[in-house]
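Take a look at this one chain, the form predicted on its own, written out in structure tokens.
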């Protein structure tokens, strides 16, 4: 689909309405919906296999992906389930490991009687698991951000309808970086597929803005100390672009601050470098005035929507993006919304194809491929989106925030059009 056709499709629908997802309770149901609820309780459940990073370098994400997923399942069941059936979550830890990930997918299909697999984040685990999902003809809904889905690397049974990918994100971000922070950039990124996407696609995006990447510094994913990497940053660097993941991110940003000593280039980070990290942590004062990409603003903004407010309530997160029961337990707010939204895509797809069981998995894939617009609502609280059924990738708004008094205040919102790019694959031509 061409960029113009993408935009034309987006403009065909701009309805915004409050759905009952996440805010409906059994006590508030009408008689009709209560009847549907009773019917759902008596039928065989829809089983969703949740591939969760409960351990390994993705554990912080896995914990919050789990909380969000459980909240979404509860909301869906309070609405009467899917096609008159309750949803049952079947969680398995993949250890944030590709080999184990493939084993988990096989277990979902062959032992746990799951209808679909869902939830994977880390790109190397997706890439290691998706081929087995395709072989088993098990619809595999990932919440990963990597460009591996839209690039054509995977297969027709792998879809990413609830979160945007790195290529789209950096393409939308680059004009702001070049126009406001500088054009001579040094990149620091993790040395696996997700980081390589940043390296490749941001380099191209900043060059398209007349900029230049002076140095590309790849960090091993299991690294725990980073000081030895910072001297590689060229002296004429104007912007340090950083995106790190895993349990050592707080160490990374603290050591970066110690190295620069409050001076040096402008800092533009992807919030991955601080997901699940308290912005008030000692040693992070140097981040004041720096900028971050956010998939969903961690701090409730002055123009907070009713949908964001309802979502925070449903997942147990306060206005600062931390657990309402423990302010030190900071969420992965820029990513976990993708679990909520993907589950509602699965619900819509199953209802559209009148899904009855595993024999209808191919029909489910085709039903999702036929989707186009997701309007901002309680089901899609991050914002409106456009889904490309050919590439199995969704496109949405991106947010740039500035650190001010220890909080992330949004200063720029991209349009969906900013992140669109030409198709690289048409999965609909592949057999089911």
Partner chain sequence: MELGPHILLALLESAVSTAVLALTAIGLALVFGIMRVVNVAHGEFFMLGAVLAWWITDQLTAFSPAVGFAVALVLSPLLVGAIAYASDRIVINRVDYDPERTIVATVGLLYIFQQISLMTFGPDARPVEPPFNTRLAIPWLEITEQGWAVYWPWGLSITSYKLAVIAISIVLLIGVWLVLSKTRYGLIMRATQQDKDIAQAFGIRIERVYGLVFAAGGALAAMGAVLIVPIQQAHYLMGGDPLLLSFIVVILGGLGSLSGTLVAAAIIGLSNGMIAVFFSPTLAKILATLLVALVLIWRPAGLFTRSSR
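For clarity, a rigid core is taken as the largest C-alpha set superposing within 1.5 Å between two forms. Positions refer to the first chain, counted from 1. Because the structure is predicted, anything quoted here is derived from the model rather than measured.
Missing here is the form predicted together with its partner chain; even so, the following discussion is about that form.
A.B. asks: With the partner removed from view, which of 300 to 308, 221 to 229, 72 to 80, 204 to 212 is the stretch that lies within 4.5 Å of its partner chain in the predicted bound form, judged by heavy atom distances?
C.D. replies: Contact criterion met by 221 to 229 only.
A.B. asks: Is residue 273 a contact residue for its partner chain in the predicted bound form, using a 4.5 Å heavy atom cut-off?
C.D. replies: No, no contact at 4.5 Å.
A.B. asks: Is there a heavy atom of residue 60 lying 4.5 Å or less from a heavy atom of its partner chain in the predicted bound form?
C.D. replies: Result yes; residue 60 sits at the interface with its partner chain in the predicted bound form.
A.B. asks: Against its partner chain in the predicted bound form, would residue 86 count as a contact residue? Criterion: heavy atoms within 4.5 Å.
C.D. replies: Heavy-atom contact with its partner chain at 4.5 Å: absent for residue 86.
A.B. asks: Is residue 348 part of the interface with its partner chain in the predicted bound form - any heavy atom within 4.5 Å?
C.D. replies: Close contact is absent here: in the predicted bound form, residue 348 is far from its partner chain, nothing within 4.5 Å, heavy atoms only.
A.B. asks: Among the candidate residues 360, 258, 319, 288, which is the single one with a non-hydrogen atom no more than 4.5 Å from its partner chain in the predicted bound form?
C.D. replies: None of the other options qualify; the answer is 258.
A.B. asks: I need to confirm a contact call. Of 66, 56, 45, 383, which residue comes within 4.5 Å of its partner chain in the predicted bound form, counting heavy atoms only?
C.D. replies: When its partner chain is considered in the predicted bound form, the option within 4.5 Å is 56.
A.B. asks: Quick one: 191, 234 and 281 and its partner chain in the predicted bound form, is every residue within 4.5 Å by at least one heavy atom?
C.D. replies: Yes, all three are in contact.
A.B. asks: Using the core for the fit, does the CA position of residue 353 change by 2 Å or more between this form and the one not shown?
C.D. replies: No: residue 353 shifts by under 2 Å between this form and the one not shown.
A.B. asks: Spell out whether the Cα of residue 230 moves at least 2 Å between this form and the one not shown when the two forms are superposed on their rigid core.
C.D. replies: Moves: yes, 2 Å or greater.
A.B. asks: Is residue 219 displaced by at least 2 Å at its C-alpha between this form and the one not shown when the rigid core is overlaid?
C.D. replies: After core superposition, the displacement of the residue 219 C-alpha between this form and the one not shown reaches the 2 Å mark, so yes.
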